[in-house]
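This document opens with one chain alone, in structure tokens, the form predicted alone.
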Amino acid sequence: MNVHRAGRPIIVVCAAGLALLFVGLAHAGDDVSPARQRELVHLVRQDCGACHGLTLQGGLGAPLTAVALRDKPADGLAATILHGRPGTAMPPFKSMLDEAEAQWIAAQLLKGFPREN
């Protein structure tokens, strides 16, 4: 019985953390207009697709599918988008994107990137 009680705070903390993550993802991109979202979809499909495959299934770069990214945190993905990966072919996009746009892209990648309209 005491083993379950001792584990309860960890479960509560994990559940609270997951709830905050999902709330954050739900609001990621609230500051990104629908017109800019369409531009970002095009950017990801074309610019990111050049290395990660036009369908984001992988190429020179790793796949960017929801399945491939399922264990990656959104903030880490956004940081990689903005700052690149030094020593690799992944360039930084901070000259073209702001934090909200990188967060929006990361959230879209984690739930399955939309098709271009």
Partner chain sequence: MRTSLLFVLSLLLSACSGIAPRGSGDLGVVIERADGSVKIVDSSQRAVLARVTGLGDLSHASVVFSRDQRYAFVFGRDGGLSKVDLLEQKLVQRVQQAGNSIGGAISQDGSLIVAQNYEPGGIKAFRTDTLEQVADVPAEYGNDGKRSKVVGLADLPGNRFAYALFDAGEIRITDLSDPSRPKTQRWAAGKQPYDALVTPDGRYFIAGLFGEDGLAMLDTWQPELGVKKVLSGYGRGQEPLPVFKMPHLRGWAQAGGRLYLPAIGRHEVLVVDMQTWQEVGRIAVRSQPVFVMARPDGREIWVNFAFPDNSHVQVIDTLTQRITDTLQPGKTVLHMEFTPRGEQVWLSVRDDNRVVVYDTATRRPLQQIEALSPSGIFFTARAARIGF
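Numbering follows the first chain given and starts at 1. All values reported here derive from a predicted model rather than from experimental measurement.
Omitted here: the form predicted together with its partner chain. The next part is about that form.
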Check your understanding: Quick one: in the predicted bound form, does every one of Leu40, Gly76 and Thr80 get a heavy atom within 4.5 Å of its partner chain?
Key -> no
Review point. Looking in the predicted bound form, any heavy atom of Asp47 within 4.5 Å of its partner chain?
Key: yes
Review point. Is Leu54 one of the residues lying within 4.5 Å of its partner chain in the predicted bound form, judged by heavy atom distances?
Key: yes
Check your understanding: Contact between Ala66 and its partner chain in the predicted bound form at 4.5 Å, heavy atoms?
Key -> no
Point to revise | its partner chain contact at Pro34 in the predicted bound form, heavy atom, 4.5 Å | key: no
**Study point:** Residues of 94 to 108 having any heavy atom within 4.5 Å of its partner chain in the predicted bound form, listed in sequence order
**Key:** Ser95, Met96
